[in-house]
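Before any questions on how it binds or moves, here is one chain, the form predicted alone, in structure tokens.
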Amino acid sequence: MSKKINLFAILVLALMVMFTVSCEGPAGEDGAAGAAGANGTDGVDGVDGNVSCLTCHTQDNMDSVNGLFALSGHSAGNYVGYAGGRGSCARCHSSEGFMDYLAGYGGENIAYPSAWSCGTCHGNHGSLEEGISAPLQTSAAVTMIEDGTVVDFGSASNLCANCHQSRRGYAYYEAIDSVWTDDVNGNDSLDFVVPDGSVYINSSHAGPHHGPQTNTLKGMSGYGASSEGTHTSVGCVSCHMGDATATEGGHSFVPNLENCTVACHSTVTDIAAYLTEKQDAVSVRLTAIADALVTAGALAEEDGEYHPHVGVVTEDEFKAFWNYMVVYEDHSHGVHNPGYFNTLLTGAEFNLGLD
């Protein structure tokens, strides 16, 4: 009886296993795709990459800049053929010389010099990160050639100061105590000793270099108390490159006098007449000093133009000569630093007995 029960139990268990454990059948077909979700919100468009460039480089703007630059003395490339590749002159008298100088190579002896162009002053767009509105090759403070004084306008005007400086001061001429030349055999020969109380003007190019405006703005380089001018605070660029007309301002570097009225001289009703009166007064004083210096032998006059004259003069005559040359070479007829120019002219008049 027990054996029958056990067999029955085994049969039941086998049936249970057979119906509960089986192989998985093949997968059915994929169901239909669900509906597409809604599109996301579009992102904000980025700034057009050309917009920043076109702040300056529109065709109209570049035509205007090039037209004004063609009117300027810088575009004329003054003395490029004579000085643009020569010694220390090249650093300011050719585009290649200036670039070479800024790169730390001295800017001397350029083989094929050319006149200044856009790239002479511009091109380093990294300067825009310094808050300057146009890309400049340099905006660093300038060490003056004359005496190592560091000048910093704190603006783009530092670029101008690299070249617009006197280069050589009066101390050079004061130090000449004897004159030597080479004789026919190439041997040094003493021509004469400069007497005590006298100064030797040794060249028809004597005096500060042309365009010493950085010195005059800062009240430097003449005989007399130094005084920095009010115009120093606005620098070169604000006055010489202000709002442009067809012939003034901008890259012509010719001051647009309306800028003077708007920016500073708002109480002057006729700025052109005001400046003419002031400049004419300085010109009259300069002419009187020049005539006295011709008599002293410090200047020579030719066709209404005055030039340094080689020779020995007294210290007082030399001081008058030097102050005259500083004011003359500045070419603003007193505008850049009226107080300092008055000091220089007054000193010259006193030394020549014109006061």
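Please read all numbers here as calculations on a predicted model, not as lab measurements. The numbering used is simple: start at 1 and walk along the sequence shown.
Absent from the display: the form predicted together with a small molecule. The rest refers to it.
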| query | finding |
| --- | --- |
| Contacting member of T261, S198, N202, N78, with respect to the small molecule in the predicted complex [4.5 Å, heavy atom] | N78 |
| The small molecule: the contacting residue among A140, V193, C118, V268 in the predicted complex [heavy atom, 4.5 Å] | C118 |
| Distance check, S221 to the small molecule in the predicted complex, heavy atom within 4.5 Å | no |
| is_contact(G154, the small molecule) in the predicted complex, heavy atom dist at most 4.5 Å | no |
| Partner proximity in the predicted complex: K278 to the small molecule, non-hydrogen atom cutoff 4.5 Å | no |
| Interface membership of G211, the small molecule in the predicted complex, 4.5 Å heavy atom rule | yes |
| Interface segment, criterion being heavy atoms within 4.5 Å of the small molecule in the predicted complex, picked from 253-261, 172-180, 221-229, 103-111 | 253-261 |
